[in-house]
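A single chain, nothing else alongside it, follows as structure tokens in the form predicted on its own.
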Amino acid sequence: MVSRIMSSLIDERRVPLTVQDLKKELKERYKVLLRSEYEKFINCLFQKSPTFIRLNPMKTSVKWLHEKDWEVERVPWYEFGYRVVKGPENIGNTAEHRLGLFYVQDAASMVPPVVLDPKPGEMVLDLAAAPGSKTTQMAEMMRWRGVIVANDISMRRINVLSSNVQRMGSINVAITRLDGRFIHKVFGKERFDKVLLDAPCSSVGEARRNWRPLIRWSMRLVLRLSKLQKELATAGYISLRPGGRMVYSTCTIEPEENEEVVQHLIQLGAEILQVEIPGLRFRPGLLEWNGRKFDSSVSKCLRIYPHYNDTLGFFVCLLEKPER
């Protein structure tokens, strides 16, 4: 109980945390995983992440942004994504944010919807949707035509999701509260054209803005999440129509939560597709980890390390269900 309270205090107050404070098992594991890039990766985790925003084309334009007394740089892989070099100290408290003119969202978080590329008129499932950053981005990419079923299991998180969907004017989003592992039993098999599963994960890639993932990390947690992720991924794949596409993503770098889950989908019949994202630096997916070998197509996945693009860390995989 005491350790839980202390973890909360460290996280909320953002007091200094050093590499020496990290668990020995985590450091040794990441030295093997990152190899020569370990120092750059760890040092980046202890640097505050930049602020990125995603403009809402329903309510504003780039012209409005340039009229502001802000200094911004466009995100290469998304036309409405910008890095705020100079702007309000707490941009999330501005009137423009509350009105839904933009969404505060890390640039790496914008990658999964870009990879999925939802089109107007499609039926899309966002299996673990809260808080809604990717849901509302996809709604904008679809020009608010078609349907996005945005699902989450937590009522608290759904309240946040609902608030963001309304704030951003995402009129083609329907929100459901279901256990994602069994969602195909509600909507039926092979119902959706596209599926996004940005899975619950150990969130190490988010450590630049929140110490909690580094404090709570353990192999027990990683393995427990890996089991859940495989169950959610299975449900998402069952829900996907033949010829449809699915993105599996996490904000962690753990192979058990990434490549191992992708391997599970391959065993279900999924085909991994090559992804081209101009301006994005990444590493290919691992082909072997801890004595286990993965299918050669797993190398088509994206490992987005924080020090590559000065973002949070992400893993992204695009797959397709073959036509019969």
Partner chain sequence: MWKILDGEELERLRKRLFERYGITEIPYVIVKSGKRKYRATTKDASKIRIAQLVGIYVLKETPFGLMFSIEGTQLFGPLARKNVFEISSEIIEKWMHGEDLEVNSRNKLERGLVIVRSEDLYLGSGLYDGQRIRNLLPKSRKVVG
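Positions refer to the first chain, counted from 1. Just so it is clear, the model here is predicted, and its values are computed rather than measured.
Not on display, but discussed next: the form predicted in complex with its partner chain.
For the marked spot (R167, I171 and F187), a heavy atom within 4.5 Å of its partner chain in the predicted bound form is present in each of the three residues. Heavy atoms within 4.5 Å of its partner chain in the predicted bound form belong, among the stretches 200-208, 71-79, 140-148, 234-242, to residues of 140-148. Looking at L223, you'd find every heavy atom of it more than 4.5 angstroms from its partner chain in the predicted bound form. Shown alone here, T176 lies within 4.5 Å of its partner chain in the predicted bound form, counting heavy atoms only.
Mapping the unseen interface onto this chain, M123 counts among the residues with a heavy atom inside 4.5 Å of its partner chain in the predicted bound form. In the predicted bound form, at least one heavy atom of K59 sits within 4.5 Å of a heavy atom of its partner chain. Interface residue among V115, V84, L101, L228 relative to its partner chain in the predicted bound form, by the heavy atom within 4.5 Å criterion: L101.
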